[in-house]
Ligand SMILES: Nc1ncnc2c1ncn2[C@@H]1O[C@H](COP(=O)(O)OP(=O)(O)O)[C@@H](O)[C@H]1O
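Quick heads-up: it's one chain on its own, the form predicted on its own, in structure tokens.
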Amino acid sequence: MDETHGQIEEMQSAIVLQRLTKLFGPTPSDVLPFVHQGLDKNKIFNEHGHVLALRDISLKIETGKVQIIMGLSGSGKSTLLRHINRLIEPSAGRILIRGRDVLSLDKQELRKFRQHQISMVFQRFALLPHRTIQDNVAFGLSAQKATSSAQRETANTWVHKVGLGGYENSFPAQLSGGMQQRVGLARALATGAECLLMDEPFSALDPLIRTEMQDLLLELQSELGKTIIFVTHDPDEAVRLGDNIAILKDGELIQHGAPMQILTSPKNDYIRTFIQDVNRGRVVSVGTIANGETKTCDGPDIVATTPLAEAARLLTNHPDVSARVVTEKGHPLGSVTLTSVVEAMAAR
């Protein structure tokens, strides 16, 4: 029964990574036993001449969710992402997409898999400079052997969806960085792929443009429900975009879970330090800090999903009273005060 249940879970999850390990070096198979014995990264390099990029990463990514892969430079996050479409081959482990072992695909099957099931958005746009915006967006469709008219129609639809209507015949050099990344996003979505891999796609953009692109991605995701694996080193971006966050350090998975869970229950000092500058007022909900008392509440009712910053604004005119925290249907969950909300926003 347990094995059957596990197989059903694997089929339901969009992507399952099982003990994924990557060693860079001449004879990784000889060094793998030392990895599994727990030899640290420095000793593997100093004593065996191999770089340990990933160690035993196991992760389930649910269908239609945004999975954030987060970590400092050198943590292995981009390496992990590139394993999913086999731009990098693992030294050990399995990669299952809809229950199918990606590592078992031959060259022709892998090509079809990349053309139809998975798309990628790069940090530096990776647009073709000699092709128009329309042709860049249609690039994946041409690989799928779509007709010229279908390529044109689909490309134009996505150009408009990302807010670039009128730029179909322009070239990448004529567009700003933010506009170019909109083209990259449109190109990835135009293929109809269920899974989207995004490797720090907004990190090269100015802060205001970056926020605009996050807004666009959230808007499109609410409509499309893609399975997205999004790499970032920015905790604010991670908690804003992610349904689930996985934090890597030195190639190891340190903690993963919902953004609220990681913010309110960091596993260790590394996680605590990593997330210490997150704008909690914007992402932590008031329901997570409500106590059980509701009898003496004289302030306004506040829905549990309300961000702390908005709850503080609502309580500004009620600084000395408690407010009930309720579900969307009005059922009481507890209470908060202006003081407890402000303290939660400042917590580290």
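Residues carry their position along the shown sequence, with the first being 1. Every value quoted in this text rests on a predicted model; they were computed, and no experiment measured them.
There is also a form predicted together with the named molecule; it is not shown, and the following applies to it.
ask   = Given that the named molecule is left out here, which of 315, 53, 302, 284 has a heavy atom within 4.5 Å of it in the model of the complex?
value = Of 315, 53, 302, 284, the residue with a heavy atom within 4.5 Å of the named molecule in the model of the complex is 53.
message = Just to confirm, with a 4.5 Å cut-off on non-hydrogen atoms, which of 191, 75, 255, 134 contacts the named molecule in the model of the complex?
response = Exactly one listed residue reaches within 4.5 Å, namely 75.
ask   = Can you pick the stretch from 210 to 218, 77 to 85, 234 to 242, 101 to 109 whose heavy atoms fall within 4.5 Å of the named molecule in the model of the complex?
value = That would be 77 to 85.
inquiry  = I'd like to know whether residue 41 contacts the named molecule in the model of the complex, with contact meaning heavy atoms within 4.5 angstroms.
reply    = Yes, residue 41 sits close enough to the named molecule in the model of the complex that at least one of its heavy atoms falls within 4.5 Å.
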